[in-house]
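Form predicted alone, single chain, as structure tokens, below.
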Amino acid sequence: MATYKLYYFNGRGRGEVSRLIFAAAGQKYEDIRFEGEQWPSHKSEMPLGQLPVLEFNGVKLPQSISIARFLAKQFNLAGKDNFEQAQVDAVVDTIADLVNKFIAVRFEADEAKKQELGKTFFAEELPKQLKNLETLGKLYGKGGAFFVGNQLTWADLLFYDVGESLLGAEANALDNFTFLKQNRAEVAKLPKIAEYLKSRPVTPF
């Protein structure tokens, strides 16, 4: 029987999409969460000295997107065939474009520059990236609420999580994007996801 352990910090961050995949699949796993002060003593145990890491049957795999894609394939959440998987990957890559730009704002050290970058991001960059995602959802979703094939994939779970961070920073971020709002609502209503969201630890990130 396959065994899964997920190592990450005690926060959502880059580990949460994998936790959501496990939840959607109803798959048991060991959710190992390090507090900040615990991490240095475990860093050398990880292949690249970073988190998240998935341990599958005793072998450790780094890189958050590689982990999530593997789990999605394991649990039939990656698309029904090769072309659907490519469509899912296109959505995921577009979400990654958005996240990378958001992170640049979040982690800017100079406060004045951070304020300026934030204004530009929310006024210009974010609407452009969200429009790209809405375009893909309408193109591949077959008229449904999910991004690809009118069925849940890990692209929906990734956007659900990223959307939580965006809405935490800008409550009205999705107001002009009907498909994206509906997509997050449909994910949150799924019984296994709803149960996980209700029971997961409350964390600052």
Partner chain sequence: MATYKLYYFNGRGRGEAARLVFAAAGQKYEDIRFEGEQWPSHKSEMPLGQLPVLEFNGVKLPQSISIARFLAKQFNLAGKDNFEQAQVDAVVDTIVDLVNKFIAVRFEKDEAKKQELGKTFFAEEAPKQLKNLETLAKLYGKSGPFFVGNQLTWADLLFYDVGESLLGVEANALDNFTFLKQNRAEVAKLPKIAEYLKNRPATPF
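All of these numbers come straight from a predicted model, not from anything done at the bench. Residue numbers count along the first chain shown, from 1.
Keep in mind the form predicted in complex with the partner chain is missing from the figure; the text below concerns it.
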Flag residue 143 as yes or no: does it have a non-hydrogen atom within 4.5 angstroms of any non-hydrogen atom of the partner chain in the predicted bound form?
-> no
Is the gap between residue 172 and the partner chain in the predicted bound form 4.5 Å or less for some heavy atom pair?
-> no
Does residue 60 make contact with the partner chain in the predicted bound form, using a 4.5 Å heavy atom cut-off?
-> yes
Contact between residue 90 and the partner chain in the predicted bound form at 4.5 Å, heavy atoms?
-> yes
Options 23-31, 135-143, 175-183, 158-166; stretch whose heavy atom lies within 4.5 Å of the partner chain in the predicted bound form | 135-143
With the partner absent here, would 103, 107 and 120 each sit within 4.5 Å of the partner chain in the predicted bound form, counting heavy atoms only?
-> no
Could you run down 144-171 and flag each residue that has a heavy atom within 4.5 Å of the partner chain in the predicted bound form?
-> none
